[in-house]
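The data below hold one chain only, encoded as structure tokens and taken in the form predicted alone.
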């Protein structure tokens, strides 16, 4: 398979392989379970050994339904292990954290939700059951503040438990997955070409990146080449998605620092970016364009759109300059929500969040695809790890994306934008994209009839929500909203 090396790893050798991966400075990317064609449960570990080397997919069979935990070696494995236990009833021995992750208290089902025996579309049953917050050893001056899951505005559902003394946060406990939609289950039995529609709806602000990663997985499985013009347009659309996401980010950050003029200006620029998307594709969220094999239709990369992009780039540069020259804005970002390099690495931070903690990684350069194979890319980083560093990394990426769009639009290649492909039965493929929020993976399997049997989605926010609490402890409760905004998190990406 393109860019992925498959290998069988016995269960009793799993921990040793993880230790070797860490010693070689490689990184685990995601873990997922599925039932193969022989109806046997298998767990797959996607690893990136080192920059420039192909991904490794370790295929491991549980012994008597059990596997050893590797979370003490690779901490970011913890969420994946808890997820597999909740959804596949896979027993993981010696887990450092044993609490359920996805299934909330009172949820039950005759079959584990992700097992093929569980009917697709059937809801879980619930019985009222009380959730117990963790006990915090402290004196009576410590206050407990539960916040959510219903929040004002159009914020997504999540609950946060704060334990604080004065203004200082002693412990922060997030609870997500209130609206887990079972989207990976929804893919089962669907024809591969229709899966794009589902992928676009996993996370609205990453519609194009999700669809692109899904299509790349299908194309990898079919060993299909994509026409050059389609690759140019895909890459351009990916950068347009990054532009409107980053502009939204700066507007949100301005709002949380009570810079309301900056908030309004940022949202206006975001809207202009979405209108460029609509003019070019007919969709402000860039939906309905990418399909397995290329594009649904050709797009006109004419001077009109390029002129709009140039004008928006100039306005965005002026806007960011105003933000950086506003002391009340800068004061709230400096040293807020510091994420150290070690924690970012161990816990699996991704995207601008990890790059703002000094980790120089980006799938577009490290595992290049589409036009990133031909266009050199300098990855902006910052080693301070605070909210200002995250903002500056995004500002640099925003400038870079504008230049990338202008460069791609000028290529003006001729030719088709779609190639026919045949999706094999009992096939497997992996697709990856560096989205606005970080690394995004789709692992796709087909059944004997060539329909989707298992689709595993790893979205950036699944990684960064795990990292986020490490920036909270010892912080100031008045800075919470700023810190959360600086991470650019989405809950839909987790509650897929």
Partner chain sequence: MALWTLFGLRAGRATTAWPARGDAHGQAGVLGMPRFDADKCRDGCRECADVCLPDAIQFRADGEPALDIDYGRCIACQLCVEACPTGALTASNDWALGVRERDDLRWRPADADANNDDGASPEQKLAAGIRRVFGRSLHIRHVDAGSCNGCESELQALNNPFYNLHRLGIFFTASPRHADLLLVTGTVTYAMRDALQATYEAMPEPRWVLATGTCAVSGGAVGGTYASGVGVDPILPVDVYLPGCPPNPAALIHALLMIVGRAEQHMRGGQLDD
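From a predicted model like this one, the values you see are computed outputs, not experimental measurements. Numbering follows the first chain given and starts at 1.
There is another form of this protein, the form predicted in complex with its partner chain, and it is not shown here; the text below is about that form.
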* Asked: Could you tell me if residue 140 has a non-hydrogen atom within 4.5 Å of its partner chain in the predicted complex?
  -> no
* **Heavy atom of residue 76 within 4.5 Å of its partner chain in the predicted complex** => no
* **Partner contact for residue 410 in the predicted complex: its partner chain, 4.5 angstroms, heavy atom** => no
* To do: Give a yes/no on whether residue 132 approaches its partner chain to within 4.5 Å in the predicted complex, heavy atoms considered.
  => no
* To do: With its partner chain left out of view, choose which of 161, 95, 198, 338 has a non-hydrogen atom within 4.5 angstroms of it in the predicted complex.
  => 198
* Interface residue in the predicted complex among 359, 170, 103, 305, criterion: non-hydrogen atom within 4.5 angstroms of its partner chain -> 103
* Just one stretch in 381-389, 344-352, 400-408, 112-120 has heavy atoms within 4.5 Å of its partner chain in the predicted complex, so which one is it? -> 112-120
* **Sequence-ordered list of residues in 198-213 near its partner chain in the predicted complex, where near means a heavy atom within 4.5 Å** => 198, 201, 202, 203, 204, 205
